[in-house]
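Let's start with one chain on its own, the form predicted on its own, as structure tokens.
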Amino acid sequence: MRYSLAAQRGLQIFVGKGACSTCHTGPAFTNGEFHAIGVSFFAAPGRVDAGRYEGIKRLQANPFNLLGRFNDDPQRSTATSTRHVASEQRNYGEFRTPSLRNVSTTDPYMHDGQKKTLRDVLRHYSELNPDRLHVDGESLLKPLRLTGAELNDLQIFLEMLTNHADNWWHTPEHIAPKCP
């Protein structure tokens, strides 16, 4: 499949100016790690979505974790990552990097659906407020300050990560016209 010029420019932003591929890497376009990206962890007035902080507590309490009695490795040599993870205050507001595969069909976005469209997510990173990051937040994040054309190109690239094979009206020619 050939990608449109807009999608090619979007890919250049993804790996270049946007540095998106730092966290959205590999075949699933995710590093599987947790990051604080400046989105609120307040789920509702007076209610906090603790993100990774609560997840670590649940992992440690789960009898099926790698340190639990159901691990068939008696020495627990496979449990290094479970053994060394600990809930810390900085884990509030950290959420797992989602896969970008089929991203155009997974709205709403962010851990709580606060971003309704893919364009809203791109605007978040373009207009990121560094003051919203935690003290131990992601130092690699900075406002991207994308132009309207760059936002369009990046969105077109991301939409190319969606598998439309089951939809007969989404042929490769329809999605991405052949480049000259």
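Please read these numbers as outputs of a predicted model, since none were measured by experiment. The numbering used is simple: start at 1 and walk along the sequence shown.
There is also a form predicted together with a small molecule; it is not shown, and the following applies to it.
Trainee: Counting only non-hydrogen atoms and a 4.5 angstroms cut-off, does Phe95 reach the small molecule in the predicted bound form?
Mentor: So Phe95 counts as contacting the small molecule.
Trainee: Quick check on Cys23: any heavy atom within 4.5 Å of the small molecule in the predicted bound form?
Mentor: Close contact exists here: in the predicted bound form, Cys23 approaches the small molecule to within 4.5 Å, heavy atoms only.
Trainee: With the partner left out here, check for me: in the predicted bound form, does some heavy atom of Val85 sit within 4.5 Å of the small molecule?
Mentor: Result no; Val85 lies far from the small molecule in the predicted bound form.
Trainee: Hey, in the predicted bound form, is Ile56 touching the small molecule, heavy atoms inside 4.5 Å?
Mentor: Because no heavy atom of Ile56 falls inside 4.5 Å of the small molecule in the predicted bound form, the answer is no.
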